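Read the single chain below, which is given as C-alpha cells and is the form predicted on its own.
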C-alpha cells in the first residue's frame, strides 16, 4: 500500500512544471542538440574574423549636426580644459554682477532638457538637444532655490578646476547637504551647469563612482600604468571614472561583447570566453553610467571593433542597449561623446525563447508596466529605424513573456559560454 501511495505521489509531481523527471532530461536533450550544431572553433573564428574586418573597413560617420542643416537649432557641448571652464564660469558671474549692480537682479539662462526639447537625428542615429531655454531667476519664488543651487555648483566647479582636482558626485553633494537636500538635486543641477557652460560633464572635474568593469583582450595605459585586462581575474578591471587618463589602447580582439548584467559578465570571465573567442567583455552592471559609455565609445573609435550586445529579453534590456547606441534623453546635450553607433543586438532576443527552447518555468510574465514600456519603445524613432528590432519588440509585447540571460543556465551553468554564444557567432545571428 505504501509503495502504491509513493508511486502516486511521483505521478502527481510529474504534473507540476519544473518537477517532472522528464523535465531535466528534455532540457539536457535540447542542450545536447544545440551543442551538436556547433562547428569547430576554427570555422566559427573564420566567420567572426570576416565580420571584424568588414567593421574595420567601414568608414565611420564623420558628419556633425552643423553639416546636416537641420530645421531645428540644436545645442551640443564639447570637451573644455580646466582653464576654459574657469573662464566661462567667471564670464557668467561677471554678467550676473553687472545685472545686480544695474538693479535687475540675477538669474541663469538654462537649456531645457525636457522630453519636448529632444530630437532624434536618424542621419547620426542619436538623440540631440534642441535650443529651447528658460530663465531661472533668483527673485522668483518658484526658482529661487534652484538658482541658489546653481550658483553654489558653479562656485564648487570653479574651485575644482582652479585646483585641478577631481571629486565624485557624492563628494560634491556632501559639501552642502542642507542646501542640496538630496543628491538627485545636485546631480540634476550639475548637468544644467554643464549645458549652460557648453562643456561635457567630465570637463567639470566631477565624476561618478566606479561602476563598470572590463575584461579580456585589451591593454591600455591609465595615468602612466600599463593595464592588461586578461590578468584581472573574474571581477575584471574597474573602468576608470577619468577616461581622459586612458591612453594607448591595444587589442587583438575580434569584437567587443557588451553585457547588461554582472552575473553574465562573471560567468564569461570565469570561463575565459575571451580566450576561446578573442574579445573584450564590458558591463555597466545594469543602467549605463557615463564612464562606461565613454570607455565603450573610445574602444570602438580607437580599435575599430564591432560591438555585440547581450541583454535580458525584456523592454528594459532593449532600452539599455539603445542608451549605449543613441543616447539618453537626460544627457542628450552630450550625445556626440557618449554614443556608440551600430551596436548589434546579439541576444537574448524574444525570438530566442522558442528557438532555443527556453523552459516555460524560466520565462516570466510581463507586468502591465513592462507592456507599457514595450509599447512606448515601439513609438520611439530610434527603435522604428530598424524593422528587425521592431519585429522582436512586437513579438515580446504580443507573447507578454520576458526572460533574463540567466534563463540559459537551466541547460547548465556554462551553457551561455559553451553553446549559446558560440552558436550565435557561428550563425552570425545578430541584428
Partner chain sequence: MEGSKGKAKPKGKAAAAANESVLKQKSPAEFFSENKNIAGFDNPGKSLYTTVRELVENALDSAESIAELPIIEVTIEEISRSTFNAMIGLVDRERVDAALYDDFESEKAKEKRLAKEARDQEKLAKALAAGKKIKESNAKTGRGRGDTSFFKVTCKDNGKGMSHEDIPNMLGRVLSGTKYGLKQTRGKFGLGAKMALIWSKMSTGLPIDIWSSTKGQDFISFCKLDLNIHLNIPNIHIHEKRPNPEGWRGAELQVTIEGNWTTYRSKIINYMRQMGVITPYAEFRFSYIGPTPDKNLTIRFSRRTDVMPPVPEETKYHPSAVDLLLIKRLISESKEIHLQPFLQKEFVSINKAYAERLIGEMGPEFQPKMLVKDLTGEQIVRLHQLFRQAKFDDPSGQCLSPAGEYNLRLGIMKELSPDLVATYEGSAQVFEGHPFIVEAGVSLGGKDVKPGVNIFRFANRIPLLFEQGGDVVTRTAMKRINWNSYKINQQQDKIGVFVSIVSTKIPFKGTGKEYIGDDISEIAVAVKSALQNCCIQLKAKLVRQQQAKERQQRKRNLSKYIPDVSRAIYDVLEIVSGPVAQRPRYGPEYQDLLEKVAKREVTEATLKQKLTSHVQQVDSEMALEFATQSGMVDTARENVYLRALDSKRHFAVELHNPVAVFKLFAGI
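Numbering follows the first chain given and starts at 1. Nothing here was measured: the structure is a model prediction, and the numbers come from that model.
Only in words, not in the display: the form predicted in complex with the partner chain, which the text now covers.
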Practice item. Decide if the three candidate residues 94, 97 and 148 all line the partner chain in the model of the complex, where lining means a heavy atom within 4.5 Å. Key: yes
**Study point:** Partner-proximal stretch of 105 to 113, 221 to 229, 236 to 244, 290 to 298 relative to the partner chain in the model of the complex, 4.5 angstroms, heavy atom
**Key:** 105 to 113
Exercise for review: Answer for residue 316 alone: is it within 4.5 Å of the partner chain in the model of the complex, judged on heavy atom distances?
Suggested key: no
Check your understanding: Taking heavy atoms and a 4.5 Å cut-off, does residue 155 contact the partner chain in the model of the complex?
Key -> yes
Exercise for review: Using a 4.5 Å heavy atom cut-off, state whether residue 252 contacts the partner chain in the model of the complex.
Suggested key: no
Exercise for review: Considering only heavy atoms, tell me if residue 120 and the partner chain come within 4.5 Å of each other in the model of the complex.
Suggested key: no
Revision key, fill the gap. Note: exactly one of 303, 133, 179, 74 sits with a heavy atom within 4.5 Å of the partner chain in the model of the complex, namely 179
Practice item. Go through 360, 90, 79, 342 and name the one with a heavy atom inside 4.5 Å of the partner chain in the model of the complex. Key: 90
Practice item. Any residue of 125 to 147 with a heavy atom within 4.5 Å of the partner chain in the model of the complex counts; write them all down in order. Key: 138, 139, 140, 141, 144, 145
